[in-house]
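Below you will find one chain, with nothing else, as structure tokens; this is the form predicted alone, and questions on how it binds or moves follow later.
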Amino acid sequence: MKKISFVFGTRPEAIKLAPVIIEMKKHPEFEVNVCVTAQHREMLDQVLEVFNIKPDFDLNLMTPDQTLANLTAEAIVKLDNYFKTYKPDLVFVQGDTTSVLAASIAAFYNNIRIAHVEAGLRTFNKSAPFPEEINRVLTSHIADLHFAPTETAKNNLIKEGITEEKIFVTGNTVIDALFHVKDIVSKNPPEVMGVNKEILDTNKPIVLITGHRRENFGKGFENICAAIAELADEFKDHYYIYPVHLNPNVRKPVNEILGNKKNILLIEPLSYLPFVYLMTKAKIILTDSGGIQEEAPSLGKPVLVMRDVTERPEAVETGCVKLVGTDKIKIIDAVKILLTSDEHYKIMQMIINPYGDGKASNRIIKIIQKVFEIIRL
């Protein structure tokens, strides 16, 4: 029996690794062990509950106002001890967080092979997103197996000198997770705390907003909020629902600029079930998130990305996602077009999601089985 360790610490990692963990547990040749760093404690726990995943190890790294340097150093030390204790044959990491980089370094120091899910995403700008772009580039040059969501991601890795035989295009596991949760919320709609049930039941037009990127702190978030405030004044029959990230750099401008608008609902961060339900109810989505760019097209929701660059160009190229940056005028103009032009809306709504078909986890398991069989990793 091969010992497989999954290491993650944030909500997006948990969402995207959950279907892989669930699928792998169906195969008796694998012993599955889950280690969480708890880089994002509360939001991580919400996802674990949704997918009924109980960590075997919990490093509980989250502390108030921790720096990236402190987090990275402590994560490496604690993960080093974990790997020495558990001794896995293979470690799974996902994406581009500090937990991913720390786990990759610690596993490498212990001569343990690493499988990187969602490998090959690039903006080619080390400051955007920060620090994620550098995290994923470094992880790619440490990892042994690379599960790329698209051909574009695969080609990025090849250009960086990663051996093609170690790269596998699987689609993105977030679509697997989304389909799983979509079925749940369609049968049993969850309560969305802070949102009147009447708004959702009567299909009032909703603009869903999320934002948390470090590179947008300061002037960027002020511009975003100013744009939303102006839109709320012009389209008074629409609701603007914003689950506000816990980071004070986000909360301060959001509350100061948007806190007094009747049709803007500033609510607490949502667990995954109610958030997916809210996505199904939204007309359009304004975000700087990565995962939402992948998920929303599968729900037929146009996405406006409040970033200047994205590591997910496939959706931009196909047209289901549009980059608007943090420029107030660009945001307002892009939202107005989608709210007033059925033609433009339907064009974005009908485009097929380039990120997968909901079967990525199954492909990953089959590849791992073959790898162990052929080269005895």
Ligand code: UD1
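What you see is a predicted model, and the numbers here were worked out from it, not measured in a lab. Heads up: residue numbers just count along the shown sequence, starting at 1.
There is another form of the same protein, the form predicted together with this ligand; it is not shown, and what comes next is about it.
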Considering K78, K154, H245, K182, which brings a non-hydrogen atom within 4.5 Å of this ligand in the predicted bound form? H245
The chain here is shown without this ligand. Which stretch in 315-323, 36-44, 343-351, 329-337 comes within 4.5 angstroms of it in the predicted bound form, by heavy atom distance? 36-44
Is the gap between R122 and this ligand in the predicted bound form 4.5 Å or less for some heavy atom pair? no
Is the gap between K283 and this ligand in the predicted bound form 4.5 Å or less for some heavy atom pair? no
Contact test in the predicted bound form: H212 vs this ligand, heavy atoms, 4.5 Å: yes
Please determine whether T63 contacts this ligand in the predicted bound form, using a 4.5 Å cut-off between heavy atoms. yes
